[in-house]
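In structure tokens, one chain follows: the form predicted alone.
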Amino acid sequence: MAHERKTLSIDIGGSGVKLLVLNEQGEPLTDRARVDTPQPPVPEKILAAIDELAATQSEFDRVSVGFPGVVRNGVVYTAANLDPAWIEFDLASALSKQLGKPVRAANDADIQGLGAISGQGVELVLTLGTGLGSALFVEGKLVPNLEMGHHPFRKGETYEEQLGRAALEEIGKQRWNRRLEKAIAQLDRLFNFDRLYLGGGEARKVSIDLNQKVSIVPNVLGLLGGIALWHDEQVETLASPNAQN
């Protein structure tokens, strides 16, 4: 019987670092492990946290990692909610060296989307957390590097400034939900999406009525979607240059 490859799936977030081990079907083989994001959130501290968490898991053959920013060929190019030291940091290579396994890295919202989408039509993903992540898929294919959270939204502020965790804490759940409702309507006009998936840690605060095109998905998809980085059809846009099968 062929060896079933096990994937360590990691989600680096602005408030927490999480991971678990998946089988080849993307099903969890271990319980999720989590620590608060180290402060300051520089590469060395977060990599050390990943090392400690990985030691609590079972054996694995390869690694998927989601990061809250633009990631190209395993290299980080934006890190608005972490530390500027991440800019141009080769996350995939550093983790591969540290863990001794091949690594593929991508934007965290892209990974959550890969775990949520149906693969049909235009599908948009928003992750509501420390910041606001986004991912767009057309017939199951990712449109890479969509950092919609930093685009203008309303009153001279971006989507992230209006809908990130800091805004939620400042204005309260009711006003935040009204803003989210406006954002959904505007994005529907912009993308004419067939489906919109709302994920991330703050999705549990959503209290507005959602139409049949919009659904809330569990935050754990940010980990479960990690298996998709190892599907051949995603390699072209998401794989790190040193990734191996």
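Note that this is a predicted model, so its numbers are computed, not measured. Residue numbers run from 1 along the displayed sequence.
Just so it is clear, the following notes concern the form predicted together with beta-D-glucopyranose, a form of the same protein that is not shown.
- A single residue from the set H150, K141, K101, K173 has any heavy atom within 4.5 angstroms of beta-D-glucopyranose in the predicted bound form; that residue is H150.
- Among the residues L196, L47, V70, A33, the one placing a heavy atom within 4.5 Å of beta-D-glucopyranose in the predicted bound form is V70.
- Against beta-D-glucopyranose in the predicted bound form, the set S9, D51 and Q57 makes no contact: no member has a heavy atom within 4.5 Å.
- Partner contact region in the predicted bound form: 130-138, out of 130-138, 161-169, 87-95, 116-124, criterion any non-hydrogen atom within 4.5 Å of beta-D-glucopyranose.
- Using a 4.5 Å cutoff between non-hydrogen atoms, A109 counts as a contact of beta-D-glucopyranose in the predicted bound form.
- Proximity of V75 to beta-D-glucopyranose in the predicted bound form falls outside the 4.5 Å heavy atom cutoff.
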